[in-house]
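Same chain, two forms, each on its own as structure tokens: structure 1, then structure 2.
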Structure 1
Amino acid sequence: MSGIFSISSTIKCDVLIIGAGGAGLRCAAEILEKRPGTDIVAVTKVANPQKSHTQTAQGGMAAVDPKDPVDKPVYHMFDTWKGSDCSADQNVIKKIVESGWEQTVWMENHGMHLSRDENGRVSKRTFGGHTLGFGETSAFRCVFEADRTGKGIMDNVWGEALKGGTSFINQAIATELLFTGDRCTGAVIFREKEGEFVVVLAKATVLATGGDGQIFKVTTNCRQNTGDGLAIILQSGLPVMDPEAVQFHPTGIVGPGILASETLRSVGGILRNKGLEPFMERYAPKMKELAPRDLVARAIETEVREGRGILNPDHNIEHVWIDLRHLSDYIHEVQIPEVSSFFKKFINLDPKKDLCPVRPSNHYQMGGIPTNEFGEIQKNSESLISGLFAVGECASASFHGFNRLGTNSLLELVTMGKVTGEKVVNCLDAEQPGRPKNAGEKTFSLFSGFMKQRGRDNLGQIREEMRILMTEKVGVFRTEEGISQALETLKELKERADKAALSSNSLIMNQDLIQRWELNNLLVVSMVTAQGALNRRESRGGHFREDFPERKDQFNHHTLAYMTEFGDVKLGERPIDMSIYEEKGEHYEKFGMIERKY
């Protein structure tokens, strides 16, 4: 076996960025701006950075314009804090919110095509959860590029990174981080197209591998979001934070999982079950369809669980209907044309005439690799690991706590990307590290392990079973019993996977091999997610325990989870930063452990 497993070359550079999505490349752009000529290598799993998940974000990015006569950063901070169910870190909230506008202007000045108002200024719109005067009225705080804000950001930072001379390694996966003592010195990269393993040595390494949505069956996330970054971190003995904090969007289009925006409900769409009963009346007699996201998601899941869902034979997913047939043509054509077109395009239904299938869809991972407010990765709640950074969805600083507000993620990418970039620049005077002796060992033993197996199990099947399991047991609803079952089944699935043979042992663009590796990561991330969820005997933000439906003060902390052996999860804690509250400045009382009621 060792024949095909060798490091074919070693690349030395200043900065290695693993994950060339919005966050990773914003960071690259910042480094190149501060120190032109810095030698950056950016790795991405997809065919080109532009194919990253950031590309698909639609809604917009929150930022408080200092010229705005009514909006203030403190309102945005409050909304974020409240939205997070009092579990975000206030130092991070302050930092990100306060630099929001500056970053928007940076984006614009570097060529993002933000939509304009009549005066030629960047225009703004409202978005759920964003308010003025601590919840009084809606705020116009979201800047956007039509319905493709993420694409605007992606194109922009990719362009800037390209212009600055970043070298890209596309269609490649980082499989292992390299350390010399307590310092990260680079990573092992597997180039899929060439079937080669290379070592990249860097003075600083930035992880920006994005989300892990693929652990769920129904997800709005892209195919590559398999939580690789988290798995590599865990494999290196480092923790991940709040893995149980997962956001579900109540209405994903069944099948493709594409987001069907809240507007559908706000313009009068009605949710119906198998018997066509408008069931929201039972769950929220007053607010009905307009109840908060998590409540609606739970109502839909209950209907499905209690056998009032409809099975979609094409995608094999149970769902409920959203009924838009009674809405006027005007609403269809003027108010919801885009979402309407999604139904048409991806499931061939005419919302004017047909019922449309929806189901809560996994949307976002609030937790991730724990970092401080500069994107530096933490070893535990006190100390840092040097030369290693994390930004974007894979990182958790934590700006979102247990529930993210729409439009806050893109804001986090660009601001934390910048902040981290500045920090990275500081470690570039360090000496170029040498190549650790054992570089690649972990990867090779993993890969050769995959290739040795001769079992006849179907890997694709195992992955689907795992994703269905996670959706059912560790999804919108969680119970002690369900999660425990899930933990058991995950172990079984892992065992089955470990015996299954690959369809081919080729190294060149072997999709089966890559998916096998991803399955490993999915199982690892699922495991810590389930453990985190089991341990948190309360409900908070996106994490809902049916058996403990209230938030509890004893859990006012972040979860840290370590796992070097599969199944052997060790848990720790990190306190929630309450610096705004503690500083006792103006409005500080809004930043205590307040109730999350809308």
Structure 2
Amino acid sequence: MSGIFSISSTIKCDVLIIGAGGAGLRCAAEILEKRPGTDIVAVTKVANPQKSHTQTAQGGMAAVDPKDPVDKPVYHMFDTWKGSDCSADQNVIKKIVESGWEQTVWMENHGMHLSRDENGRVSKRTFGGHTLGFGETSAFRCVFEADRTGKGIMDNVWGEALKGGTSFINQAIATELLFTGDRCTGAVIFREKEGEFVVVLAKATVLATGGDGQIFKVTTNCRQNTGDGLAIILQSGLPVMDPEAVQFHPTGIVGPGILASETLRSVGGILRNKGLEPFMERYAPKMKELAPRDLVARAIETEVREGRGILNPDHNIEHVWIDLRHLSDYIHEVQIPEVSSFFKKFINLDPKKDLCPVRPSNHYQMGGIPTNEFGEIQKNSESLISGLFAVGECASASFHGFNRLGTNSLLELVTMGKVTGEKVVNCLDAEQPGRPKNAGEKTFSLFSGFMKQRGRDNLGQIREEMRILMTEKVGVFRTEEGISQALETLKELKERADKAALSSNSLIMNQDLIQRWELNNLLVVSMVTAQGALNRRESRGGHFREDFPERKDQFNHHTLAYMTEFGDVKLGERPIDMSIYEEKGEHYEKFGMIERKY
């Protein structure tokens, strides 16, 4: 059946960016700033870039002003290292943290409207795990635009990309990367509205496809976050890194699962259990509500497990409360207007008067496509793929290790977008690549497989069973037995999916076809996530094994996972960079394999 497919056209450009969220477009803006006139094509899965997931980011971006009288970049580096549970790469931590304020200034100079205090200075918030003096007290280092910081960033970088002449292909997906030897030369793109396959040839290709939150039942992620970038990398025989490193945000709104930003706790929100006890002191005596996210998420789940949760009658879900009733009208109306409105809009509660129900919700993929500190994608722990880059949540340099601190994602997004853009410029003098003879073969084989099936199983039901399975077996708490069950069930779900028929075999605007492709990606990413979690017989950051509750030195490395055939996962390792510690500079002892207490 693959004979019915064909490549309808070939587009040639300098740079192909797959994903038009904040990271991809910050990369585009940097390329255009360094090399005006560069021919950039940006592909987005959604109707336009403003529907990208970046625009939903609420809280802000961590950045240390060099003129700050009390905060220092080294404190931020330490917090990131400790927060990562000693598993982020220190060369990446240093590079990103030291460029944070420069990027804050860049954003403002290019039109972002950061919130300011009554004296006209940039306002700052505190977030979980951010401290002064290596853990002595909370640090106020998060800059923000009310509680819609991601929207401000998107307005900014989208405008810069448009101003520089970037071309956009909307409502399209990348189905296959193209290679000539060890050089990436572009990708096969499927345009949903036209029902056409297009080859885009480029001197440099940047993956910026976002996260994979839809592998879980309850998630803060948008509907389109189905791990597409990771799946296309695995299909190409390349590895993903630390897929088991998944973050569950402590406060998802019960019901819709929408994020109730960490901002709520930074401005004084209190977590309370069924007896209205403020319970966080039991789990993090010093930092309490402002402990890192993995600790707070496990604390909430423990409260529920031990019978101190509250059963929500509408959703039959147990939860805890976040109490915002004591906060001033100014905080509600100026600092958290949008998040406050979510409770009113989605669950008909007034945070000024009512307790609000929250429960951990899948939030962020801390692993991803392995890159070096310049965003170049790795073939293994020692070699790179020429012309291929990754930025944003789909990438793992690794700045976050096994637990991301709040506000570090937007920091990574803009800084690595900039750094990667600089590196891409070095590729622009290369010759324009030709079209490989086998372009489209993998895509056509995959799509013909989708279309020839005649089984009666329901694809939506398979997807829902997968998401429930991952939430229950590979969620906040994990065990050998549960993960093993998940692996076996995922194989069964894949077999069922491979037999299920589509409702239509049209290529034009066939949402059933797109969802079948997404389901394939979700199953692939779920499999490597579960296998990585099974192999890592320790607890580290967001990866918590109840049967192995302590961190172990034998796992002081990153996981590299390869899978070209479903279920056949091969694992490798990449060393954790400890260059700050090894260089023995000032405060180097803070960057060893330190104890993690809050």
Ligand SMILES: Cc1cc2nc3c(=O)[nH]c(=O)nc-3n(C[C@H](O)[C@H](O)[C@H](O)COP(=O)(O)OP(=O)(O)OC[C@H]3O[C@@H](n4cnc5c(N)ncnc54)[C@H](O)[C@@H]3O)c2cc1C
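C-alpha atoms forming the largest set that superposes within 1.5 Å between two forms make up the rigid core. All residue numbers here refer to structure 1's sequence, counted from 1. This is a predicted model, so every value here is computed, not measured.
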item: Number of the structure representing the form predicted in complex with the named molecule; value: 1
item: Hinge between rigid parts between structures 1 and 2 (choose from 280, 360, 528, 144); value: 360
item: Rotation (degrees) of the lesser rigid unit against the larger between structures 1 and 2; value: 27
item: After superposing on the core, C-alpha shift for residue 298 between structures 1 and 2 in angstrom; value: 3.2
item: Angstrom displacement of the CA atom of residue 313 between structures 1 and 2, core fixed; value: 7.9
